[in-house]
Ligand SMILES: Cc1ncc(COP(=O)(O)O)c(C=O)c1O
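Single chain ahead, written as structure tokens, the form predicted on its own.
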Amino acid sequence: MSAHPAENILLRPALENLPAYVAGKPAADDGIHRYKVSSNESPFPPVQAVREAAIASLEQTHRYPDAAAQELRDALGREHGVEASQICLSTGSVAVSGDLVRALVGEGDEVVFAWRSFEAYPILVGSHGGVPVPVPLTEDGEHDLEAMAVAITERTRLILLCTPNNPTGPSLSTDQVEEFLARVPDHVVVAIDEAYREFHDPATVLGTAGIFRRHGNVVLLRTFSKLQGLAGLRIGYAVAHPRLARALGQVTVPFGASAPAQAAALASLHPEVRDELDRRAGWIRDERSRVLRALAEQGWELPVSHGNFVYFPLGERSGEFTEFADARGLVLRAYGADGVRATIAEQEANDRLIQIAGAWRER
């Protein structure tokens, strides 16, 4: 192998201390049958009609996809009661979050978010020259909205609220968000990231439609990666007010939403598919409740989760717990020295989680 030539390129200083995104660890191939619950993926394959729509779109993959994604944006606009031009699509809601940073945050501007929350937030902010302002969660793994309000300065341009919060699980109520918004200057954008909305009890889920109508500085983030099971196709969107929607259109990657992703997302909105997805969401909520009850009976004190996962606040023992689980056939996600997340997956994986958690406590 020949030696590499010297590289004298100049990288942006912002990259020097930028954390790397850590994806869920894959299962090792060492003869042990493992369940991978380290990524928040659906345990269900795509609904048949969705799969067929994606496959049919492959006939035209020698053509660029519809850059405007007009049919999908029309459908999502009807869904949210907004103009199609207010729907901003990209490769997952994480990409839309990046578009928000590019549209709003200049060098040295600040972005406030809870921590821990979605791992990509500080990466997206720092990589574009912004200043991440992480605000510690409460002891119960919830957003500390009082502290987040105090953290707002004249340089704050964006606030990210993840509800239900990934990786801890608690969610925000409509009253909490309204009280918080009353303390946020109306030129500061508040993004409500609802990647896990469908796993929340529908009776008490955040009333974001009303919040959006009442506040011109609110933008909603949604994804098709979780309940819809389209994580591998990468598609998500924002619901934004007109001025911000135009700005997001200016900075997003052209043709970001592929033809198969658009076709699959559109099929996911059909009534018969939505009925099946609602049944799946109910099953995951029931499994989550079963797992949390079993863990509570073992003596665990965990945050109340409204996502498709549960969180173990193990602190310095997080790595030890993931190694313990891995040796027993379950791949979990550790978050440094904070805690461990386990996705609600197929029933056999959930049973194994309960068994492993019990064995850990009985050591």
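Just so you know, these numbers come straight off a predicted model, no measurement behind them. From 1 onward, residues are counted along the sequence shown.
Although not depicted, the form predicted together with the ligand is the subject of the following passage.
In the predicted complex, no residue of the candidate spot (103, 156 and 248) has a heavy atom lying within 4.5 Å of the ligand. The ligand in the predicted complex comes within 4.5 Å of a heavy atom belonging to residue 195. Heavy atoms of residue 288 never reach within 4.5 Å of the ligand in the predicted complex, leaving it off the interface. In the predicted complex, at least one heavy atom of residue 92 sits within 4.5 Å of the ligand. By the criterion of a heavy atom within 4.5 Å, residue 225 is counted among the residues contacting the ligand in the predicted complex. Think of it this way: in the predicted complex, the ligand has a heavy atom of just one of 234, 200, 128, 280 within 4.5 Å, and the residue is 234. This chain lacks the partner; the member of 252, 268, 166, 171 within 4.5 angstroms of the ligand in the predicted complex by a non-hydrogen atom is 166. This chain is displayed without the ligand, yet in the predicted complex the stretch 234 to 242 from 208 to 216, 103 to 111, 234 to 242, 67 to 75 comes within 4.5 Å of it by heavy atoms.
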